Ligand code: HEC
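Quick setup: one chain, the form predicted alone, written in structure tokens, and binding and motion questions come after.
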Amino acid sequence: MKNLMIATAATVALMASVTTAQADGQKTFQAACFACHGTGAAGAPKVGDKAAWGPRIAKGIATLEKHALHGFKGDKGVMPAKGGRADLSDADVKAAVAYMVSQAK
């Protein structure tokens, strides 16, 4: 019984951290990413557009994070490093990427 309680507590803690990461990602998206990913400016895939995000997601989260953190020039547009917001932490950018990916699945 004690082991079950420990496992349950660990599961709850993990789920809380995932929820917090999504909330932070959504906050960062609204504050920093929406200008392009909400409108499609500069060729950015709009949040929630499964067709546009599908091929990107297929490349893996590590690739998406790398492009978001360091910038990327693709066939359809440009992603400036950290969306042009050098003040964002790497964790903020990764959380925003996770949020946008979650909206496209």
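Keep in mind that what you see is a predicted model, and the values were worked out from it rather than measured. In case it trips you up, residue 1 is the first one in the sequence shown, and so on.
Unshown form predicted together with the ligand; subsequent notes refer to it.
- A residue is said to contact a partner when one of its heavy atoms sits within 4.5 Å of a partner heavy atom; Cys33 meets this definition for the ligand in the predicted bound form.
- In the predicted bound form, the ligand lies farther than 4.5 Å from every heavy atom of Gly48.
- When the ligand is considered in the predicted bound form, Lys27 lies well away from it, no heavy atom lying within 4.5 Å.
- Residue contact with the ligand in the predicted bound form: Gly43 places a heavy atom within 4.5 Å of it.
- In the predicted bound form, His37, Ala42, Gly43, Ala44, Pro45, Trp53, Arg56, Lys59, Leu64 are the residues of 37-66 with at least one heavy atom within 4.5 Å of the ligand, listed from first to last.
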